[in-house]
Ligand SMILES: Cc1ncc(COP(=O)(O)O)c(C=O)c1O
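Shown here is one chain on its own, the form predicted on its own, set out as structure tokens.
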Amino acid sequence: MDFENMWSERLKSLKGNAIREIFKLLQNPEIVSFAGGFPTLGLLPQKEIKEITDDLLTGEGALKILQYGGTEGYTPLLESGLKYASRFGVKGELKNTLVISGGQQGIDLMFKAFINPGDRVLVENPTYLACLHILKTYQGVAVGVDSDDDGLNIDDLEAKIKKHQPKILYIVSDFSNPTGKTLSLEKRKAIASLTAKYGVVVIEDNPYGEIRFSGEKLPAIKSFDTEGNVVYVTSFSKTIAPGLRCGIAVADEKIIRKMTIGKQAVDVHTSNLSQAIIDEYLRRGYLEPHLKEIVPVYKTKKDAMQNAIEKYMPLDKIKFTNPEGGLFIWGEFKDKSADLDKCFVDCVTKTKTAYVAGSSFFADEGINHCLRFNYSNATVEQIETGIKRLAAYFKENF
């Protein structure tokens, strides 16, 4: 049957998520992958989660956990989730909180609630590629805002707001995916003030904030919200376990209500078992020891990648970010004609090392001279080997 004329307008021209497509090329166990943003496998808290799961499924409330639940979320997790968000100065009540199936669902529900075909959404250039992917499914239009070393350029933000009259600004506030940049305190305050002034809703995405290696923890943009226009989205994927698919959104009660209605039509509610596991993990005090275990490991890997970059990469041709936390390092060739998309398959084949080409992270097409490295899913030895291989390839081909 010919389906080509039957696809919906939403998906007809939509391509697959670039990182998910890359995984098809990574079946060879010899390949070193700097592609996905996976946590280190050996650091996932298997023992604690098994203990909690056993307790939950043998206790008096076991059958209730296996039953349907409310779309808003498991009440104990709404409570402990709010406490988790307060670590970044975010305040609210249960009516301001929604449990979501990973932070990405929070983005999806916000676009579902606000975006009509043709509506503008401002994003940092570059930005999280899944945000762009989701926005396209709702036929919205992404507009890139310039970025400085400390995040979004405020002057360009105001200019783009005036020009495009966007409904939403999407921003990753701490250790941005893909660049690793962090918004300064002054810019957080400015974004809260500026978007309130012009009536722009902000999606503040913060999945990486707890993975800080140096510098001072900064309060969320949401903590400076005086008009209820900032929606704070976070997940437990990087701090506990991504497979549980669990996060929270904190927002104005009216926004939470619309997100809840949208969620009802998607998955009814986030897995009760996952919610209960996360709640118990937080209440039993396992988070702090876990962070003290994983953050030094990620710092060691990040330092290993940074050192290898400085040792092997042609730094006269390409510059890299040096983030204070998170999972990513971003590279940009000074020659903007360098095409990291075009050479990707050849590079992976010859070097047995994978990266993510930067073009997928931009609102505009044709920006091919950038790339993203992830360091959390490789060993220190693999990082040294992979960077050395890529450096040799880049020196030869660019």
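Note that residue numbering follows the sequence shown and begins at 1. The structure displayed is predicted, hence computed values, not measured ones.
The same protein also has a form predicted in complex with the named molecule, omitted here; what follows describes it.
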**All of Q104, Y128 and S235 within 4.5 Å of the named molecule in the predicted complex, heavy atom check** = yes
**Prompt:** Does the named molecule come within 4.5 Å of any heavy atom of D205 in the predicted complex?
**Reply:** yes
**Request:** Find out whether any non-hydrogen atom of Q275 is located within 4.5 angstroms of the named molecule in the predicted complex, and reply yes or no.
**Result:** no
**Request:** Indicate whether Y74 is a 4.5 Å heavy atom neighbour of the named molecule in the predicted complex.
**Result:** no
**Item:** V99: touches the named molecule in the predicted complex, heavy atom cutoff 4.5 angstroms
**Value:** no
**Request:** Scan T270, N177, T195, T239 and let me know which has any heavy atom within 4.5 Å of the named molecule in the predicted complex.
**Result:** N177
**Item:** Single option in K301, K136, R245, R212 placed near the named molecule in the predicted complex, where near means a heavy atom within 4.5 Å
**Value:** R245
**Item:** Candidate stretches 169-177, 286-294, 214-222, 143-151, one within 4.5 Å of the named molecule in the predicted complex by heavy atom
**Value:** 169-177
**Item:** Partner contacts in the predicted complex for 82-98 (non-hydrogen atom within 4.5 angstroms of the named molecule)
**Value:** none
